[in-house]
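Coming up is one lone chain in structure tokens, specifically the form predicted on its own.
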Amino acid sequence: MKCKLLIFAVLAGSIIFISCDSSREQASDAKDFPNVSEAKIDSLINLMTLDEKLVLIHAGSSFTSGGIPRLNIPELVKSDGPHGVRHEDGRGWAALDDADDEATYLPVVICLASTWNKDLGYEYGVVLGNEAKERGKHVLLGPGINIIRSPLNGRNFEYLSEDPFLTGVMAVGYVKGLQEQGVAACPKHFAANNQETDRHNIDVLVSKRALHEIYFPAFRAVVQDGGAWSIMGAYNKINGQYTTHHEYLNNVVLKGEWGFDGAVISDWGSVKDTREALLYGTDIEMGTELLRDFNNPEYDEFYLARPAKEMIESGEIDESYVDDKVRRVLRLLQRTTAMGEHGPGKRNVEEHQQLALEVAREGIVLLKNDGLLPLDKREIKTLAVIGHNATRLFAERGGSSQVNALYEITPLEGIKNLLGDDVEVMYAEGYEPYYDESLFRGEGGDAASQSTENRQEVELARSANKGLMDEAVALAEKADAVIFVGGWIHGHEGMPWGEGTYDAEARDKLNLKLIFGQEELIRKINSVNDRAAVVLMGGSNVEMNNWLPDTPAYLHAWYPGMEGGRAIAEILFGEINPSGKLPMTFADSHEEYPSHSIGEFPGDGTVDYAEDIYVGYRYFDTHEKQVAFPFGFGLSYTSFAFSDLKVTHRDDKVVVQCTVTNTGDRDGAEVAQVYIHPKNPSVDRPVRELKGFEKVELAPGASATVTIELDKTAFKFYHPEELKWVLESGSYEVQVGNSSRDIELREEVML
């Protein structure tokens, strides 16, 4: 669905027409760029031996699948890098210490989604594509587009939203921007990979309606609207079958109904069965559980290597299944920099750093402000900055998305750089992170049982933190104002990758309680200084009831990238007006989310998605549940008004038009969000679903006329019994507002 924006800026009594065509929409169709020669593919397949064909469909190193030098077919080089191209690995699995692999570290994609800015989605992809191309990568493993089902998922920072429409729109821009540089996007993980706990074994029990309405739409968007050249499978099962070789997911839906002509690439080690992988749509197997020696992998032992050859030579599986995989791999090679001409890339350039800054500026969300912000440095002589995250570096943490950043500006550095010598900035760490086995779930499923040795280490760390807390509170008491910077962290010092992590791959949180004594520290700071702003990092919310009521200002910064500290400082001191909006609902406790109150998380072998389509705000709004901050919410330093809603028919579309006015006294940006509510549906449907949005920047007193076209898909639902998309005639309410709970305008339309 395409949206068009018309802005009429009312300035000095005149009306100025501004055309805001998105560069994303002007881009060429990614699916047709570049042209693929099917004739050349046919000729290459005819020249190959079976052994050569199999080389193309499984790994040849940690991040490459094989090539055929005899036929001038290169290896296909892949890299992690959903928010920055990952550090360089060797042929095995160890990182290269002397590699030239410093890269631009962008804000994580949940921060990108918080911008609600489609153009930034496209530009984000352009930056990644250029940097991957400069490093010789052909496939970038991203974006992560799994739906945020539970706030406890340790990998939520890599995902865009709890809403499939917002996820799809932002991901399409990312995919197009990336692929126009000749680097294939590999949206992941298809599908319903919504937890890290026991991710290799769990069986997700979910209805086809929930799959098609919640967990599939973003994947369909990146395939049909974004033209994605590859898709990554997931680890989990769905309704009894592993997703990477799932007959319904890959053959019926992805390659059948959606017409996907690219390659399905396994997640590393997600192939579990040779026969199913051959028959049910796996095109490239990366990583494997079959490795006898992790440091000296035998790539001929992969499921799609020697075992596949034996099945084909025995006649159990026809070779045509391999030919289809090879065709898709060759198509991928031709489309990318591997075999196509796409010009040189560029890395660590100023424009990339500027994009990182812009995404952070627009993605950081102001959630509470009782008049404290923006701070005025002219009124402050001493400022206390408190919290471990004020100085922590995040780029090289979090699991497979780690980036060797060229640099990373911390919040403390950003604040000091902005204030210069005008204000005395005092810092206290307040607490130190410590490794606590009992704070997360891992591959085993259950929460780790805390060993006696670790329990003793934790008690010692907590005792040491008491002293740090006292120092911080004393500093807060004598300062004119306080900025506390805390929240979640990626990992803990001294722990190997994937272990001891609290907001990272392969681990889920146990709850949303602030770790390391931060809640008590915030309460004590509030008790001695009534001018304290809280800035939290992390891929999700935290429990807030015990500290938020007495906190005058709260800024949620996600993991804001290499320029994040600068952006945080600019927002706190009013040089930038915040405009971020939440891409997920912030409730106070994980137990309030439908994945916990109705469905199962993390389950025990199986995970029942009993909440069905009622994920995120669809559940909270329909059932009128209290939340801390609703989906789509975010404050500004100015104010906006919505008016003049008009809903009309044009051809086969419903056209929604309204006016947004900046009623405050400073420049700012607002997001007009369009929701659809069926008045008398024949089946149970949510009270509202997001179907369109536009972000507009306005000067004080200026107005923008926002026009959003909704095609018939915006009104359809997937029938739970007929198992197909249905457009039901009747009355629908079009709702417009700036969050799912702040609906300013309503009008009915008949279909």
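Predicted model, so just to flag it, every value in this text is computed and none were measured. Note that residue numbering follows the sequence shown and begins at 1.
Only in words, not in the display: the form predicted in complex with a small molecule, which the text now covers.
- This chain appears without its partner; in the predicted bound form, the one residue of Y614, Y502, Y299, W268 with a heavy atom within 4.5 Å of the small molecule is W268.
- Scanning E123, E519, D436, D80 against the small molecule in the predicted bound form with a 4.5 Å heavy atom cut-off leaves one residue, D80.
- Only one of 416-424, 569-577, 175-183, 228-236 lies within 4.5 Å of the small molecule in the predicted bound form by heavy atoms, and it is 228-236.
- Annotated contacts: K53, Y280 and R306 are all free of the small molecule in the predicted bound form [non-hydrogen atom within 4.5 angstroms].
- Proximity of R199 to the small molecule in the predicted bound form: non-hydrogen atoms within 4.5 Å are present.
- When the small molecule is considered in the predicted bound form, Q353 lies well away from it, no heavy atom lying within 4.5 Å.
- Contact check for I483: no non-hydrogen atom falls within 4.5 Å of the small molecule in the predicted bound form.
- When contacts are judged by a 4.5 Å heavy atom cut-off, T274 does not count as touching the small molecule in the predicted bound form.
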